[in-house]
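We begin with a single chain expressed as structure tokens, specifically the form predicted alone.
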């Protein structure tokens, strides 16, 4: 596989008109990826999700050459929700539509030059090496989006055993607001999807990000988001992790000025031997900041769920308020759940807590519901939905909340 990836990279560099400096950045990152390879369980952050083994078990080779496609898109992934959109087809942007907005307040730049950086994360090295359409969205000072921005990630149904690397950065200037929904279509062929994003949230700005991995696919997904918040800014981040064969959501979030706040809520809902992970790091770098995290998992049919969460508190970050809780519901004996909650605190005037629980469904509750006329399956479904609905109810955008309930079949 390594030789195949090397050939892909050589061909890719020769086909594109990169400047010498951009080629150098890509070559350095690619060499670092080849040197270290796909991450495995010897790396602490991957101790529960050995990606090298997962890749080996699912691919003989991965083709990282660019897959152009012309599609007549008629799939309706979000119903009648009014929205703006950016459409990706096989990793490349094909359409940008801000029809509900004042486009003078939004700047979209494509094919930007990459930064001269070398991450310790080899998947970010891989992304930098192969990404060709690096896009950045800037929301100008004081502008508030009227409708959500939906990122549609379409894969053509003939795409198979391919590796796609995409990057879309977002900057919110001061006193701006934006709601984002990220969703993909169904593709039952094996593909490796590597998505990287940097997000900056300016002073008094609000970002609400909803990542919905809902459609059944055989894809292997990795998503890395580096999020920075300024003074009095707010992030609401919701994850629904359900459809892909394997998915890891890797979130690094830094509160860089006082009175910033972060809320991360997530659902891992798996069956059929799927394997998903949510990993979060919340860096409290200044005082008077708050973070709240609630991750719930429901696992069945040999599935594996992982949550790694860390709250870091800098010595300057007095008056920090940090909360983190993971709960897992295990519906069969064949499932596996791993949790690694962490606190790293260097300030003394803080309020931080973390915890993790896992267990089987309450048979007494099932018996009670069956005594009221429900079947065993109906009782189990009702209890499971109630367990997950607590997380969905924390979505503050009512239209998105209704969309998520519709997509999951969870009702109040």
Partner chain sequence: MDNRQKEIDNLKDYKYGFSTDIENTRAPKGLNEDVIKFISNIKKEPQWMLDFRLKAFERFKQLKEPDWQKPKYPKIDYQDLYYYSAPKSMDDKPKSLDELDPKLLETYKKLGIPLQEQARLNGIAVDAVFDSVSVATTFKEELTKQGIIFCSMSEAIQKHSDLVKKYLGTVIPTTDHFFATLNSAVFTDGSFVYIPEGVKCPMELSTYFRINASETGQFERTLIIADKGSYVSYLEGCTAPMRDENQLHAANVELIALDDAEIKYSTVQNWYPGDKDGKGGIYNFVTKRGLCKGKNSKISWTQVETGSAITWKYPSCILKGDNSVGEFYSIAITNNHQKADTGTKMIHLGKNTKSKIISKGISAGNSDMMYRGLVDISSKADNSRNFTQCDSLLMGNKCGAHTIPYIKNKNLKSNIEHEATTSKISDEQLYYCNQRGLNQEEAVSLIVNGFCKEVLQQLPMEFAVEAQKLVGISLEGSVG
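Numbering follows the first chain given and starts at 1. Bear in mind that the values here come from a model prediction, so they are computed numbers and not experimental data.
Omitted here: the form predicted together with the partner chain. The next part is about that form.
Taking the partner from the other structure, the partner chain in the predicted complex has a heavy atom within 4.5 Å of a heavy atom of residue 353.
In the predicted complex, residue 160 stays away from the partner chain, with no heavy atom inside 4.5 Å. Though the partner is left out of this view, residue 360 does reach within 4.5 Å of the partner chain in the predicted complex, counting heavy atoms only. At the 4.5 Å threshold, heavy atoms of residue 369 stay clear of the partner chain in the predicted complex, well away from it. 342 is the sole member of 109, 342, 115, 272 with a non-hydrogen atom lying within 4.5 angstroms of the partner chain in the predicted complex. Scanning 152, 337, 130, 143 against the partner chain in the predicted complex with a 4.5 Å heavy atom cut-off leaves one residue, 337. Of the candidate stretches 273 to 281, 323 to 331, 194 to 202, 238 to 246, only 323 to 331 contains residues with a heavy atom within 4.5 Å of the partner chain in the predicted complex. The three marked residues, 44, 48 and 346, each reach the partner chain in the predicted complex, with a heavy atom inside 4.5 Å.
Annotation for 306 to 327: interface residues with the partner chain in the predicted complex are 315, 318 [heavy atom within 4.5 Å].
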